[in-house]
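Consider the single chain below, provided in structure tokens and representing the form predicted on its own.
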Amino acid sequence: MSKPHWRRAHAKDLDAIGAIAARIHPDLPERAEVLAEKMRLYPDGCRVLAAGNEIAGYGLAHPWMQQQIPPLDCFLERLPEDVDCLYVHDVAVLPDHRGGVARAYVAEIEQLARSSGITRLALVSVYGTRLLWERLGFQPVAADAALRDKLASYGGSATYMLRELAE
């Protein structure tokens, strides 16, 4: 069996992405149409983890603005013009396929950011994954009141994190 690898997500992958999202994020549901919009707006940032003929995970990222968190299960409508980060909306991998694959996705997204002239990655850590993201170079950011309000919908352990991309 070939080693799982990240490839660009396609519309036909949406059912698998939705099924993985429902399993990994039962408390943070998002409609398939919302996920499809991210793929349409920024296809380069949307990848799936292909394991043989199966999809074992996905990663969704798009250009955005620091300290601004897109609300869950809401349409973006369009990407902002004054972007200053690549926002990692979600990385979800089925338990049997974990172990280094998040690092590989982040490496791909980092290259994408650099090629777009973006010097920071941003994300919201959920479900106590902060240590994983810290190992991948992300640092927690002290949240002001507005950011705390936005983080609330992501759950009690939600932490906004940034990663500077070295020159």
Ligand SMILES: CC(C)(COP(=O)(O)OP(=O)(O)OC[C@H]1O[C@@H](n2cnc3c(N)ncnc32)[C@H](O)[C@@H]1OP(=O)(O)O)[C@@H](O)C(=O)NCCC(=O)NCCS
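Numbering starts at 1 and runs along the sequence shown. Computed from a predicted model, the values in this text were never measured in an experiment.
Keep in mind that the form predicted together with the named molecule is not shown, yet the notes after this line are about it.
With the partner left out here, the named molecule still marks one of 61 to 69, 138 to 146, 23 to 31, 107 to 115 in the predicted complex; by a 4.5 Å heavy atom cut-off that stretch is 23 to 31.
Taking the partner from the other structure, the named molecule in the predicted complex has no heavy atom within 4.5 Å of any heavy atom of R120. Proximity of L132 to the named molecule in the predicted complex falls within the 4.5 Å heavy atom cutoff. Residue contact check for V101: one or more of its heavy atoms lie within 4.5 Å of the named molecule in the predicted complex. None of the heavy atoms of I55 is located within 4.5 Å of the named molecule in the predicted complex. Of all the residues from 75 to 95, those having a non-hydrogen atom no more than 4.5 Å from the named molecule in the predicted complex are D90, V91, A92, V93.
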